[in-house]
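Just one chain is shown here, as structure tokens, and it is the form predicted on its own.
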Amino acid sequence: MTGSNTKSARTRAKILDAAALTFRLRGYAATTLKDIAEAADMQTGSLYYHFESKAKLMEEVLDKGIREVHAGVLKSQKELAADVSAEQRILSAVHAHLILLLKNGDYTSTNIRNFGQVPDEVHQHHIKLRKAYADLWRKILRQAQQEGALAADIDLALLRMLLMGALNWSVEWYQPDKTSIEAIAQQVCRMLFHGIGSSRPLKNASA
């Protein structure tokens, strides 16, 4: 890569970072290119050299968030031994999802908060990436169910949506000085496979 291309890539990344932060804080509808330019410490006109519109900029912010998480979870599965347990496969997937999710907090939070606000053409483009990632999780959960690690009567679509919703919301409350990502992943999978209730019998409410 030449020096000019390297500089262009750095500028583009700087704009995307500024856009992700601004969209996260203001929302798509309320954000202007001027807002993003100010966050990136550059002139508004300079944005058009890299991105033709606010919609295109949002499209790439959304893409970056989902593509990196998808790649990370897929990699986590490929690195596992063929005979690993279903519980370990899901733990690895949850851990990878959280790492990429929290590493790219502005991107993932923008995705969660703004997807319903974006123009239809952006929505239609990005929904394909979301579906591909959902398909990866469907495969992981279906295999776990087929192996008996998940109950046969569990609705996997509902489980996937509940699991993704819980994991994705961590961008709003996660504090790295309080707990580790690995500990959160362990707790999530413990609750998934072993429940949250005490093994002690319930007392009669009227007793």
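Keep in mind that what you see is a predicted model, and the values were worked out from it rather than measured. Residues carry their position along the shown sequence, with the first being 1. For the two forms, the rigid core is made up of the largest set of C-alpha atoms that agree within 1.5 Å on superposition.
Quick note: we don't show the form predicted together with another copy of the chain, though the next part is all about it.
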Non-hydrogen atom contact Lys34 with another copy of the chain in the predicted complex at 4.5 angstroms: no
Contact of Met42 with another copy of the chain in the predicted complex (heavy atom, 4.5 Å): no
Leu21, heavy atom within 4.5 angstroms of another copy of the chain in the predicted complex: no
Partner proximity in the predicted complex: Ile184 to another copy of the chain, non-hydrogen atom cutoff 4.5 Å: yes
Heavy atom within 4.5 Å of another copy of the chain in the predicted complex - residue from Arg113, His95, His125, Arg89: Arg113
In the predicted complex, residues of 119-156 near another copy of the chain [heavy atom within 4.5 Å]: Gly148, Ala149, Leu150, Ala151, Asp153, Ile154, Asp155
C-alpha of Ala29 moved at least 2 Å between this form and the one not shown on rigid core: yes
Did Ser76 shift 2 Å or more between this form and the one not shown, C-alpha, core superposed: no
Shift of Ser109 between this form and the one not shown at or above 2 Å (CA, core fit): yes
